[in-house]
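Two forms of the same protein chain are encoded below as structure tokens; each is given separately, as structure 1 and structure 2.
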Structure 1
């Protein structure tokens, strides 16, 4: 633009090109700094929480992770109960959300008529847009009473099965690990199903069509062709959902029951890393605060690893696709 209207004076051009080069360099540096900011955020979050949690980590070391003795009166902090609560609720969420997400992805890629696919997948993805505090409110005011109604039935049915029966024994509080797990499952559904749906669509049509031509049913095509082809990405999507479930705070803090007692029953209250931090951080001083920040570090590291695996798995399929 300006360049075309400029006088073609050699010196002027040289001057300008030198200026351009300088500006390019500055611009590039600025951009790079911004990009490095992303790196700095992650690193900063990890290091600052590690630093903040150093007191308890140095004092208790590994014992911090294995002790279930969370006692602010004695200034003793063992993180087993929140860690267990986080893992158990996330696991419940996965057990519920994975098959449902798979069903949704199957429905949207293989069964639903074309006109239905867009609206339905958009609707499912809306679930991901609902703020987590709304899940918390709905969970406390609507879903907890709902669970309180069906928990006696769970006691009488699943509760009588040997071995796993103990998981479903307990008073019908409505709140507890199972309720929190289900709420989390609803929250992570859209994440897992949208990954599955997207990767199912990447399966080459000729693969599926060959299978159909050999007389396979839709289910056989999905189970024997589509799923093996997209396996790594599907696992990636599941881990992505797991990463979300591990770190969620507001949706679970109302329905978990905030109890540091370890129990064998999923109907009993528990606590999680994120809800412990949300509940106690503003009142914690000294070692207590350090313990909560150390929990934050732990949560960060675990979700980081889970998400790392998720991304690596997702990338594997993308690579094979030549993307």
Structure 2
């Protein structure tokens, strides 16, 4: 009697185990397909841009990367000016945005009173949600005239300093690499500061309180406790902002000036990969269209290199922390 009642229970248990194993396998396959879909999408986009730019790459080869000529009338194309403009404006944005973001995150986590943290955090999140075209319009109608008024002062002061003076010499146009870099800094600042604020809040309160109890100042607590504890996440947030700056289109197009001339001055107009594509793709045909698609592939490559550097830095930091 007991054996007879135990057999259905054993069959039910076996059936349930098989069903659980089948469901687990389906779940794993579904997750694997999601991950492969992302990789396939990225690879497909990269290969499609490479295929679309094959004409100019086969025609000019490596010269396409080293030339600054861009003349659609004579079908002469070079990617050096857009690449340089993209990297320079992104570097300017990082130099400005990272210290300010660090100060904002430090203020919100260590200094600001409770009644002020909410409004400031909400303002930062609001800045992150503003469309890029709004930043571009603000930059063109408000910030460009402001820069045109102060660029003569920059030319007369910083322009006379040896070595770096050439960076600040030029006519007061308002449009240029420096203006675009500052607008980009305003755009990526909320992303970097939000990441820093979140990771600073993960530091255990006991560590900071112990340091304060030993007589450390706020700066010493941040430098010796908070930053070492959150170093990897902070670097990840910085590279997240850099990736945002590298791919920005509309805001940069409004204020960069869209000139393919390479100069040493940050006050002169320039161009970037994304702004070149946005400005000319609608009217491009033939080799001109191929050159713009090739620029899109180069943007893929630049972004991939930046992310690879970030991964290598984080891995190196992880090894040092493991020691």
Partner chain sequence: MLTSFKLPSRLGTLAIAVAASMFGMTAQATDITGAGSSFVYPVISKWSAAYAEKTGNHINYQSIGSGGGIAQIKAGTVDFGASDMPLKPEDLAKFGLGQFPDVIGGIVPAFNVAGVAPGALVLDGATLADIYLGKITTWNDPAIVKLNPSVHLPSSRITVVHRSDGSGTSFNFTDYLSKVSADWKTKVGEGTAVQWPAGIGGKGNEGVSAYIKQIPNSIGYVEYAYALKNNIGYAKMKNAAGNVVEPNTASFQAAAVTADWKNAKDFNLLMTNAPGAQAWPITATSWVIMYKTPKNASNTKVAFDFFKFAYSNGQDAARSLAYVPLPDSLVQQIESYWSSEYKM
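Please read these numbers as outputs of a predicted model, since none were measured by experiment. The term rigid core refers to the most C-alpha atoms you can superpose between the two forms while keeping them within 1.5 Å. Numbering follows the first chain given and starts at 1.
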Output row: form predicted alone located in structure 2
Handout entry: Large Cα shift (2 Å or above) at residue 281 between structures 1 and 2, core-fitted
Key = no
> Comparing between structures 1 and 2 on the rigid core, is the C-alpha shift at residue 41 2 Å or larger?
Replying inline: yes
*asked:* Superposing on the rigid core, I want to see if residue 29 changes position between structures 1 and 2 - specifically a Cα shift of 2 Å or more.
replied: yes
Taking the rigid core as reference, the Cα of residue 302 travels between structures 1 and 2 a distance in Å of 2.5
Superposed on the core, the Cα displacement of residue 311 between structures 1 and 2 in Å comes to 7.6
